[in-house]
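Two separate entries follow, structure 1 and structure 2, each one form of the same protein chain as structure tokens.
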Structure 1
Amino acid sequence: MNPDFLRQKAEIALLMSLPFLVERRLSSLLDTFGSPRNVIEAIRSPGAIPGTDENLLVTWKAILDERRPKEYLKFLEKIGIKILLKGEESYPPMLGDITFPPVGLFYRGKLPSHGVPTIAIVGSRKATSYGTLVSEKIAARLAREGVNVVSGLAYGIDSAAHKGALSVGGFTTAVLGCGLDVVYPPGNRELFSLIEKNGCIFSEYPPAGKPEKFHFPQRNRIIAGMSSVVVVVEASSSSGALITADIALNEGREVMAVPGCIFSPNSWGTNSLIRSGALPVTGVEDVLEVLGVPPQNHSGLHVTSSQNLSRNERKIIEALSGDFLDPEEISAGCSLDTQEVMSDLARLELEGLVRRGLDGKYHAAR
């Protein structure tokens, strides 16, 4: 690597480690002073950066006096963290086109391949069984087709998306709202490790960076910015997934949403998005079509043996073999709970074993 570029990378990494030096401010300073080295010198020079809190400047100067760029880069490498700068060939190409792209990204694992379609799957942390199933199945199918599945490693829909991609040996990218030496949420430690081994974990926050509440909307712009399509699986009226969708729309990206039960609070956000013009996801093929990815015959997600079906799923398919029924009719005919029927129908539809008509009724696939 070019020594000058390596030095610049070390200097930017060091600047990114300074508290409250947010991306917009760092970009502004780099534009003003022309180089990361000049920004470092300006911070050390009294009065060189007007408009910045004096106590904050004192803190920044103390950190810069304590750390040296090359030593800081070595420290990152020692704890398994690398940094990718905007302008490098491996920097996510679509991310560089957003309004405020990160100057740099800390990462663990292996970087996504260039030219690979990238899609974000986001949604509620308090996902229903239906939402979890849909997220896993969509992610698995997309990963089988060579799509990089991006999400935020949160509980619920995010975790299901990552797990779905990993379950078929696919690639998935997690974007965090904290430092890469901090596992958040703590219960996803094993998933964090799996993604690091088989995918990529990004953050613009330095080691020891806490998962502050205001970090996550900033994190969401990276999730949306990396992706050509954002799929919202479940979202309440206050879900952060809606922030991701808004960012995606503002950046000219496609937003899709999975329709949900009109009585479920978790479906308010997705149904509202569809009402506002988001494309509905009625099957994985809808997403692949928008991505421009032709489905392959080796997707491996269709159930080929009745041995893979649960007893209830067999009953549902048998009920649908000669008639078109809605979930309530299936529930009554099979003596099953309606919510369980809807969850089973979602799986069977994603597997290609049942089809849903425009009238909302289902029938067995021929």
Structure 2
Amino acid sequence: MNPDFLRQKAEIALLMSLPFLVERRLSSLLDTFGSPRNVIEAIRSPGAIPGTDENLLVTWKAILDERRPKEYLKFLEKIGIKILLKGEESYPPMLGDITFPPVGLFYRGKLPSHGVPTIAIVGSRKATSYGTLVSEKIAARLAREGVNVVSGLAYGIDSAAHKGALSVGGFTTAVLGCGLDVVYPPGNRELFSLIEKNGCIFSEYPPAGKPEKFHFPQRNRIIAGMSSVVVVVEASSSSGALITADIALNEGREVMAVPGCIFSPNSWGTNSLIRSGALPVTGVEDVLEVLGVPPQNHSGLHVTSSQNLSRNERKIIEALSGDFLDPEEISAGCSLDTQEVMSDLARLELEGLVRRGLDGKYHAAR
């Protein structure tokens, strides 16, 4: 690689590691001073950057005095983190077009291949069994079509999307709101390493960067920015997924939403997105259509009755298609014994035919 470029890379990585010097601030400094080297010099010479907090400048200067760009790059390499600059060929093409594209991105894993269609699947962390199921199915299908499935590694819809894509050997990208040596949420450690192996993990934040609250809307701009379509699977009124959808609209991306039960608080956000003009997702084909992939038979998400099921099991699945029920409601609805229902549900769940949500309600899964 060009040594000049390598140096520039190291310098930008170092600049990105300074506290509170990310996002638009860094790009405006680069615009003002022309090159990263000049920015470093400016920070080290007193009075060159007006309008920045004195204490912050002192901190930055101290860090820059201590670290050399090349050493920092070596340190990153040692902990398995690489950096990708805006302008490099592998930089997500659509991301460069947004209002404040990241100057650089830290990453782990392998970069998505150039020109691959990219779709974000986002939604509520506290998903229902319906939400995780839809998320998984859509992600799996898209990944099979060669789509790079982007999401945020959060619990619920995000995790389901990553898992769906991985389940068919597809490519998936996670964008984090913290440093790449921090696993957030901690419960997703296993998923994190799976994605590192079979996909890519991006972050704008330097190693040891904490998952601060204010990072996430910025992170969402990257998720929306690198995708041509943002699919919101489930979102309550306060969900961060709605922020992603907002950014996507502002950046001219297609926003799609999965309709849900009007009584479910988790579908409030998605249903209101549809009301204000987002495309409803009535099947994976709808998403593929927007991408321009020719539609095949339209049966993707519907329940297909399975082989070797007993009459009772069939009854239960029937009751659970299109409805969330707890075991007692099932036993009342199908007039079966409680113990029979409990036992059948466990077996059906192991066979992947029904799902249990975080709230203890069941739903048919195929």
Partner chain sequence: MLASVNGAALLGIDSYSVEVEVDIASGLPAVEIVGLPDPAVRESRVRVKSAIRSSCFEFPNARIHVNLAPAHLKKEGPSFDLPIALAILQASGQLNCTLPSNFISVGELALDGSIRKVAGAISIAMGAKERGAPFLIVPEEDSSEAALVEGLDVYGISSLREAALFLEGSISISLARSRFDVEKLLGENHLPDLADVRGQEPAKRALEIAAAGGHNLMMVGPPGSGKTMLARRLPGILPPLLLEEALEVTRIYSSAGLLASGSPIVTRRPFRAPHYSATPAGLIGGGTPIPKPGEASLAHNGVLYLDEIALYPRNSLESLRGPLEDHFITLVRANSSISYPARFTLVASMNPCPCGYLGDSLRECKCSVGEIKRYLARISGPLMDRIDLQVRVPRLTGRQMHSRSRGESSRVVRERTIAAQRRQKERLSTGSFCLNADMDQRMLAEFASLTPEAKRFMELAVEKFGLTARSHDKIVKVARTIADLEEKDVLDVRHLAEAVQYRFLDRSII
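By rigid core we mean the largest C-alpha set that fits within 1.5 Å across both forms. Keep in mind that what you see is a predicted model, and the values were worked out from it rather than measured. Residue numbering: structure 1 sequence, from 1.
It is structure 2 that shows the chain in the form predicted in complex with its partner chain. Put the two forms on the same core and the Cα of V341 is off by 2 Å or more between structure 1 and structure 2.
Taking the rigid core as fixed, one finds a CA shift for E66 smaller than 2 Å between structure 1 and structure 2. Taking the rigid core as fixed, one finds a CA shift for L14 smaller than 2 Å between structure 1 and structure 2. Here the two forms are laid over each other by their core, and the C-alpha of E313 is off by 7.6 Å between structure 1 and structure 2.
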